[in-house]
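Next up: just one chain, as structure tokens, the form predicted alone.
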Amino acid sequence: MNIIDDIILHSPALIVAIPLLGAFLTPLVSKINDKLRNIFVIFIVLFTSAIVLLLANDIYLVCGKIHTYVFGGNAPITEGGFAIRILFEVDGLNIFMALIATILAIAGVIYSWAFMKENTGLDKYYTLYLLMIAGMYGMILTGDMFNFFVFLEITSIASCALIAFWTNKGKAIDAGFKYIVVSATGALFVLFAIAILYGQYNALNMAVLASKIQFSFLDKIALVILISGLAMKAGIVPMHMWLPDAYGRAPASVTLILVGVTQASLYGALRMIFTLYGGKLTTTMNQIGDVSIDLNLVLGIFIVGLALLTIFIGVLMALKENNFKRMIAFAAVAEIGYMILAIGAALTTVFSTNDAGTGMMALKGGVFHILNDALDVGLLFLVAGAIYYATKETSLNQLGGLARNMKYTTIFFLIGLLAVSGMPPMNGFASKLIIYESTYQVNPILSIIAILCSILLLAVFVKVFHSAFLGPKLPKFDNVKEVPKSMLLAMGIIATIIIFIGLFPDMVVNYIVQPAVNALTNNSNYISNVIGGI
């Protein structure tokens, strides 16, 4: 076995361990030289990213492959058929989310070089940054429920500190406090649900739980609590109150990773619904009098209702917002609504009717939009950060004519504008089109609402584009210059991927999205591969 094979074998552990080690070494390296520290952190992120790519190639080479990694030995200790040791379980869905996290991590750390250069306490900043990245990877890759909770807490603590990093700004501290309160509440919900499941089945491994779960009354309570807790972290209305403040007050480089952390929580909800409970949701009917109630259909309708509320609130608040970053944050809330709209539509069809094709298409659109939303919203936040870096302004009323001095930033904003609004030929058009088509099959009204809200989002960003970039230049911005090359490089990386996906959506869907959807819906394959492998 060569070194590449060894790295792939241990890659799930390395992907989390390397950023963790880098986080603890960063303060020591910082004492030597600030520039060396920055290079060290970038190296850690790039090295981790290379391992993610190696693991992704290994997963995609074999259809339906699941890479199982056991901590503490080649095989886990078992008791009564239940795995005791912690396992990382990587399938098409895990690696899909890991690739998203990798793109955001690379762009974020490169952007940080110049964006955070003038700030003090950067040894703490980069330490927390790597901890947040490690926690995000851990949430995505672990196959153990309690381990998921631990990594959820790691990301929460690191994120809170980074949101409040600019301690000289009182609103940043308020945003950090609000975030940690919501995160702690959500994490307690998750822990309580884990305790319910562990108390019944004496297991924490997701595959083992999925094979044993009976969908009892307690199991239903645990599902509701899990979804509620993760919905808080994912920023779904009405539990979104932390998101505009956290996204709006954090440094732009931090906001980029926060988008990934939010989506890791959404991934957790998907994993619980489809993998942990999926086998029972497909067959469970409750008898109320003479009426049979499909609980999966009820859950789907409930999620669709939350999705519409999330889209409406996000778009309407974006329309009235004058703070640039907060406006993008509300747009991000609306985009989360599109993802869960597709997921809810999938639940109402793929399991509850004979129209499995529509349900699978909806799920494909929702999963695809997770990738596109991370890129589109992430790019817009980096543009907002670039504008703040150059002008020290966040109010849209105080901006104007920036396109004359910031040509590249203007182009990147235009790309993000078109992408997040679902306009061709950008990536957002491809995923939203799939969502529109699938939700139309479920109910035409859903599709009409989704399209109208996208048009409103386009109107919001066109207005911003005109007033901030194309309007008359304010005298105070005569000496404004384009942002440093490292910030442009970070925005360019994301913009390039956006355009590539927009031009070749079939390639991305077939090679990356479809394996994720297959892994999500085939929980029997997940159970047999993991339990068979342990």
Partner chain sequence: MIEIQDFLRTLATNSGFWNPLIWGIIIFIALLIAYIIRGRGKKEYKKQTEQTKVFLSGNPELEKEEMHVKASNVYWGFMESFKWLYNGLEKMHTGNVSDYILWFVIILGIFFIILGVI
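Residue numbers count along the first chain shown, from 1. Being a predicted model, the structure only gives us computed values, none of them experimental.
Another form exists, predicted in complex with its partner chain; not displayed. Remarks below refer to it.
- Note that among 396 to 404, 200 to 208, 98 to 106, 256 to 264, the stretch whose heavy atoms approach its partner chain to within 4.5 Å in the predicted complex is 396 to 404.
- Only one of Ser156, Ser421, Ser228, Asn147 lies close to its partner chain in the predicted complex, with a heavy atom inside 4.5 Å, and it is Ser228.
- When its partner chain is considered in the predicted complex, only one residue from Val182, Ile213, Ala164, Leu122 comes within 4.5 Å through any heavy atom, namely Val182.
- Put simply, Lys178 is close to its partner chain in the predicted complex: some heavy atom of it is within 4.5 Å.
- Although the partner is absent from this view, Pro484 stays clear of its partner chain in the predicted complex, with no non-hydrogen atom inside 4.5 angstroms.
- Taking the partner from elsewhere, Lys392 is found to have every heavy atom lying beyond 4.5 Å of its partner chain in the predicted complex.
- Its partner chain is not drawn, but in the predicted complex it has no heavy atom within 4.5 Å of Leu46.
- Within 4.5 angstroms of its partner chain in the predicted complex, the stretch 201 to 225 places a non-hydrogen atom from each of Phe217, Lys220, Ile221, Leu223, Val224, Ile225, taken in sequence order.
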